[in-house]
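Before any questions on how it binds or moves, here is one chain, the form predicted on its own, in structure tokens.
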Amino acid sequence: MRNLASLLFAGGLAFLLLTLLSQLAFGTPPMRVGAEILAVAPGEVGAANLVTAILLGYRGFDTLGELAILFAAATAAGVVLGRRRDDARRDPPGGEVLRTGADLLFPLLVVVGFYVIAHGHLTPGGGFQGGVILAAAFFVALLAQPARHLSHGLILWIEGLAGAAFILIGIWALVADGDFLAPLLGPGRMGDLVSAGTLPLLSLAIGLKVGAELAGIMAHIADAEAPDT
């Protein structure tokens, strides 16, 4: 039965690919919308980083779906990992080198994370990448000293406010421009830190949300009870 299902799936996939390829002339790029976006995005959005322009200016609704998937994954991870028993034993702290290194890295990672978020419309990076760096800053500190406590309540507040800000900016664009998450405030001058309209604000909301969710997952993992010896 499993072999028959695999054969049907492979046959259906082959039929789909052959149908798509038969509609394309030899040498014709299969995706034409990309070329159109590359041609108009710099003038319309004002972002030097066209990846950010596409993610937030033209595919903002898809990006919102990705954030929803990340939220569901973080929630599921929290449910699976559960809550720590009050009398559970904690892992011992790391050595002097690890703890000192973590203390030195923390402010550096936080600054780099916010830098990547703030310059996402100018250089490679953005909210997703900067959020991961912010989460890593807190996770390294927890690895070095497991007894440290990361407030899950504060994480939830940051995550909720960032998600609400992303949606409110989208609704603002819907009311003002007629399209959900359409860039507002004008493109500005390309290359300036204050440019690309509302894209930096959306990038900040994504960075805080991603950072809070990943930091929450890592805090749950760090809270995993140490095995009894």
Partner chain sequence: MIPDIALPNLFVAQPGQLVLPVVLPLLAAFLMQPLARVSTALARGLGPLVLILSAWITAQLWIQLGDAPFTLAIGGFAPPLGILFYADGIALLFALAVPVFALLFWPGSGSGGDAVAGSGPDSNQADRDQAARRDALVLLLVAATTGLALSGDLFNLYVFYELAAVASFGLVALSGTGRAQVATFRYLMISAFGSVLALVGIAILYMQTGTLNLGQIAQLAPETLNNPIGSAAFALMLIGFGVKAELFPVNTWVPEVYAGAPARVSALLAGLVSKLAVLVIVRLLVLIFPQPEAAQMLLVLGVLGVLTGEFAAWRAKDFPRMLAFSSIGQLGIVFVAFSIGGEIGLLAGLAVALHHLIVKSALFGLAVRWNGSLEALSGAARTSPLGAALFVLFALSLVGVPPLPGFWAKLTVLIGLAERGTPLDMTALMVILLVTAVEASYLFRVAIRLYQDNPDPVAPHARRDLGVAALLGAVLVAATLGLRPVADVLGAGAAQLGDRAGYIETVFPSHVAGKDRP
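Positions refer to the first chain, counted from 1. Computed from a predicted model, the values in this text were never measured in an experiment.
Quick note: we don't show the form predicted together with its partner chain, though the next part is all about it.
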Indicate whether its partner chain has at least one heavy atom within 4.5 Å of a heavy atom of L161 in the predicted bound form.
yes
Residue-level question: is L193 within 4.5 Å of its partner chain in the predicted bound form, judged on heavy atoms?
no
Can any non-hydrogen atom of R189 be found within 4.5 angstroms of its partner chain in the predicted bound form?
no
Partner contact for A72 in the predicted bound form: its partner chain, 4.5 angstroms, heavy atom:
yes
What residues, if any, in 147-161 have a non-hydrogen atom within 4.5 angstroms of its partner chain in the predicted bound form?
H152, G153, L156, W157, G160, L161
